[in-house]
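Just one chain is shown here, as C-alpha cells, and it is the form predicted on its own.
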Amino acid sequence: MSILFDTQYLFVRAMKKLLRNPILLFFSLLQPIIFLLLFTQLFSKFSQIPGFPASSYLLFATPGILLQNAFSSAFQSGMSVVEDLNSGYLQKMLTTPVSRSAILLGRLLSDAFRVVVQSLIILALAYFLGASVTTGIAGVILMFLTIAFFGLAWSGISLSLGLRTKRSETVFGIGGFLTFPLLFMSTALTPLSFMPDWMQTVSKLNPISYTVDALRALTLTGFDWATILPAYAVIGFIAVATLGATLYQFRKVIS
C-alpha cells in the first residue's frame, strides 16, 4: 500500500504545483487553440475537394489537434524532472522512505491527467465550433484513454532525456525538433492522399498517423477496431521502449 499512498501524494503535489503556475497550462493550450480557431478556418475549403474524408475540415483536424497537444505536452515532463534535479528536490526525496517507483509513477500519472484535462478543454471548444463525436460518450472516453496512453508513451522520451542531460534546454530543443516534422508528416492535419508520394511513405511509418487515424475513426465513422487496435500496438511498443529508457536512467540517478 505504500507505493499507492506515495504515488497519490506525489500526484497531488504535481497538481498543486501546476495550479500555482497556471501560466504553464495556458501556454500549453495556446498553440492547439490557435490551430483550432485559425488553422481550421484557414483550410476550411479543403472539405470541398473531391475525396476529402470529412464533411468539414474542423471535424477532420480536431483529432490531429488533440494529439498535437498531447505530443507537445509530453515533452514538458522532462523539463519538470530537470527542475526537480536542479532544485535538489529529487535528492531530498531519495533520503526519505518514499517508494522509488512512486516518484516516477506520480510524475507520469500527473502528466497523463493534465493531458486529458487539456484535451477535454480542446474537445469542448471544438464542440461549440460545430464538431461532434459519432461514437458518443463511450467514444469520447476511449479517445481520452488513447490520448493519455499516447502521452505516457511519449513522455518517456523527455523524462529519459531530462534524467540523462539534466538540462531543460536540451529537452526543449529536442522536443521542438521532433514535434513539428512528425506532426506535419502525418495524417494529423492533411489526408494521406493529399500528400506528395515521398511524404505518404513517411506518414505510413509515422506513429502519430496510427494514433490520429484511431481518434479520427472514433470521431467520424465509429468503433473501427481494425484502425484502433494497431494504434494501441504502436503506442504500446513506443511505451515499452521509452519508459524502459526512463527507468534505466532513473536507476542510474538514484544509485
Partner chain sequence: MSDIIKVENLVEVYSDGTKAVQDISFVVKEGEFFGFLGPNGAGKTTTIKILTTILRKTAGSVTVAGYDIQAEAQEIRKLIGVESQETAIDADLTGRENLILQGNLQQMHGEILKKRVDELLKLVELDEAADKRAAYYSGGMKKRLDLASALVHKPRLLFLDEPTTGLDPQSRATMWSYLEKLNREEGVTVFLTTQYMEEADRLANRLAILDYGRIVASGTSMELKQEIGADAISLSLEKADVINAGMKEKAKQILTTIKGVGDVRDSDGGLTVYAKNGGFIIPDIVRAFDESKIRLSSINLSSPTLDDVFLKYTGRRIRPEELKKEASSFMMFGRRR
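Predicted, not measured: the structure shown is a model, and the values here were computed from it. Residue numbers count along the first chain shown, from 1.
There is also a form predicted in complex with its partner chain; it is not shown, and the following applies to it.
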- Any non-hydrogen atom of residue 89 within 4.5 angstroms of its partner chain in the predicted bound form: yes
- Looking at the partner-bound form in the predicted bound form, is residue 237 within 4.5 Å of its partner chain by any heavy atom? no
- Partner contact for residue 231 in the predicted bound form: its partner chain, 4.5 angstroms, heavy atom: no
- Message: With the partner left out here, check for me: in the predicted bound form, does some heavy atom of residue 145 sit within 4.5 Å of its partner chain?
- Response: no
- Note on the structure: Picking from 105, 98, 131, 79, the single residue whose non-hydrogen atoms come within 4.5 angstroms of its partner chain in the predicted bound form is 98
- Message: its partner chain is absent from this chain, but in the predicted bound form, do 2, 20 and 94 each have a non-hydrogen atom within 4.5 Å of it?
- Response: yes
- Note on the structure: Within 4.5 Å of its partner chain in the predicted bound form by heavy atoms, the stretch out of 167-175, 135-143, 80-88, 115-123 is 80-88
- Query: Does anything in 216-255 come within 4.5 Å of its partner chain in the predicted bound form by heavy atoms, and if so which residues, in order?
  - Reply: 255
